[in-house]
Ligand SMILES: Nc1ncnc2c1ncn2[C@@H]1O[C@H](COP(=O)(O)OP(=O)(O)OP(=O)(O)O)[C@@H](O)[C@H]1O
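As structure tokens, one chain now follows by itself in the form predicted on its own.
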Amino acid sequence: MGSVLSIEKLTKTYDNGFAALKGVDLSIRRGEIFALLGPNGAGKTTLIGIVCGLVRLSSGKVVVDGVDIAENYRAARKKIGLVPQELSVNMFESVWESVSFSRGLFGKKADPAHVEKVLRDLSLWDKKDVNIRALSGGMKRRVLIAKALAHEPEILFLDEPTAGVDVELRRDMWEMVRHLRESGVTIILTTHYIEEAEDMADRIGVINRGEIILVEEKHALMRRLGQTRICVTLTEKMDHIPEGLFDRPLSLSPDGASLTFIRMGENDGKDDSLARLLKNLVARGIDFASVTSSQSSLEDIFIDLVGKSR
């Protein structure tokens, strides 16, 4: 799968001396959903702003589907759709006028059928003649998405697209994103709802303090850095862990009623640590009542990564 967006040694230093980006290298594959995660102030929005021509880079190179943004910004920008964090629409236009105008801004010929399809996909068709100022916050967010799709971009940036919106819009939008990927559109997503990234993304990138600290396939990342917490509840409390009970670190709950250990990565069937622990308990005459396990989430991994990079 080829690269549709290539970023090399990208830096951005503002006039006050703040370095928002520090030599970022990133390659986005055509047709993937890529989640860019990072805490507030990490550089996510600055990075998107540079690619979309809203922020001037300090140094480096950005190539969009073979077009260098420094050499031919207009051609590169036509390939990109952006759903920004902030509402930025003419409140006195109708939905139809606003979305149609966005298509024309990128030099696309009028195509009422395409505009209608976008509006229907986003449940906006019955609002097409309504002034945007009369819409709810969630509906205004839908209009932003429609405007970003009006010119049929090859790359779609979603910068915190579901912040503060209703559950119905989130569901509709992610369904639309899946359809877009199936049609070949590349999706680059930033979100504070990390469960969305875990559900939707093919690859995960983590940025902190202006530097990319990780880029990896989602499932490979979960296998490598994920962990399973296994808890064995005892039928009788114990006051200490018997010496030599287990070959891995065990912890005893404060009330002495359960034993816990951590298993790294996903269970591929080759890790028999739980079976060995239970066998050892039975051999020592220690009865247990139940076994429970909980898998770490992408959010757990993200918090750990960002914490270590500080």
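One-based numbering along the sequence shown. Because the structure is a prediction, the values reported are computed rather than measured.
The same protein also has a form predicted in complex with the named molecule, omitted here; what follows describes it.
Think of it this way: in the model of the complex, the named molecule has a heavy atom of just one of C52, I33, L26, A42 within 4.5 Å, and the residue is A42. Heavy atoms within 4.5 Å of the named molecule in the model of the complex belong, among the stretches 240 to 248, 64 to 72, 43 to 51, 272 to 280, to residues of 43 to 51.
The three residues F101, S136 and M139 each lack any heavy atom within 4.5 Å of the named molecule in the model of the complex. Although the partner is absent from this view, E160 contacts the named molecule in the model of the complex, with a non-hydrogen atom inside 4.5 angstroms. The named molecule in the model of the complex is approached by Q85, whose closest heavy atom lies within 4.5 angstroms of it.
Using a 4.5 Å cutoff between non-hydrogen atoms, A20 counts as a contact of the named molecule in the model of the complex. In the model of the complex, the named molecule stays beyond 4.5 Å of every heavy atom belonging to H179.
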